[in-house]
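Next up: just one chain, as structure tokens, the form predicted alone.
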């Protein structure tokens, strides 16, 4: 299986490739990708150099252009597809139907992957994209069990890619409006979830209060560090209880499921985290490269001891085993 790793910066890309990434995904420094945060992503010149670096070392570069173009501003997304093609990207990762149609028509030789943002979660949806637009790989949403992935693979003829490590969303990707409700900005249209521009911290009595778009997301004692106020992972009061109403702060770790995912027909394993540090990228990529090589030999995946890098220092197999709340 192919190991697909995150790169939020040129330095992170070089780190990922050196650590053993077989493919790296990244985006341009604008709203055309779902990680449009300050300090992240690539200029055209940086991506040109990054692709040369990766190709020289036998790794692929996949360019995420996976937000949904705004009416009247489609040119920005069209140019991103054209530039990725010109620079020699190995594939573009797309979500919007119109943009996929544009890429298929104007850049037919550019390999097209379907982003998790498209939320294609059944064979009919996947086959529609494959048959109509020549999609070669689908990134499956993080709401499927291993058995459901196996069922999808039995009815499609294109590659499937699944997440194995990193942050989780409680919603089907591409269909969440929580961030937009609180801030007016969303990962789907603007490439940002819970943007830093709408975050505010304040000391109130014995507490440190973290707010997003004016909504109180966390109250923590002053002597403890306050988590970043992401709406779906906030701590709220509901009736007599106070806690994480939507989602606990925990990361996906599907290391132990790699053999089952291989038997289910999965082609590629994806690590989440383009906003993460180079140290994080290096450690996670090395651990999963070791696990992928073990699976190829028929050995059990080694324990990676990645708990320290997980949100809340806790891990879950998420929806793969349907035991996640």
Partner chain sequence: MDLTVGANPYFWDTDRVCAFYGDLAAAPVARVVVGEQVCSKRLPLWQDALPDAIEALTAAGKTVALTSLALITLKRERKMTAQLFETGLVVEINDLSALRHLPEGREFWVGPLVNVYNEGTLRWLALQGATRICLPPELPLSSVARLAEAGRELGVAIEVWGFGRLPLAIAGRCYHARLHDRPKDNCQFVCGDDPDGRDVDTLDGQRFLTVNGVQTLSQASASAAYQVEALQEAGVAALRLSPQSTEFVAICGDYAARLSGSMTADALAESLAAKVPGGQLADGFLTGPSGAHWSRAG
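Residue numbers count along the first chain shown, from 1. Nothing here was measured: the structure is a model prediction, and the numbers come from that model. Definition used throughout: the rigid core is the maximal C-alpha set that superposes within 1.5 Å between two forms.
One more form of this protein should be noted, the form predicted together with the partner chain, which is absent from this view; the next part is about it.
- The partner chain in the predicted complex comes within 4.5 Å of no heavy atom belonging to residue 42.
- At the 4.5 Å threshold, heavy atoms of residue 201 stay clear of the partner chain in the predicted complex, well away from it.
- Contact between residue 155 and the partner chain in the predicted complex is found at the 4.5 Å heavy atom cutoff.
- Mapping the unseen interface onto this chain, residue 273 falls outside it, with no heavy atom inside 4.5 Å of the partner chain in the predicted complex.
- Residues 97, 174 and 246 are all found to lie within 4.5 Å of the partner chain in the predicted complex, as judged by heavy atom distances.
- This chain appears without its partner; in the predicted complex, the one residue of 231, 146, 91, 252 with a heavy atom within 4.5 Å of the partner chain is 231.
- Exactly one of the stretches 260-268, 47-55, 64-72, 292-300 approaches the partner chain in the predicted complex with heavy atoms within 4.5 Å, and it is 64-72.
- Within 4.5 angstroms of the partner chain in the predicted complex, the stretch 153-187 places a non-hydrogen atom from each of 155, 170, 171, 172, 174, 175, 176, 177, 178, 180, 181, 182, 183, 184, 186, taken in sequence order.
- Comparing the forms between this form and the one not shown on their rigid core, the Cα displacement of residue 236 reaches 2 Å or more.
- For residue 204, a C-alpha deviation of 2 angstroms or more is recorded between this form and the one not shown after rigid-core alignment.
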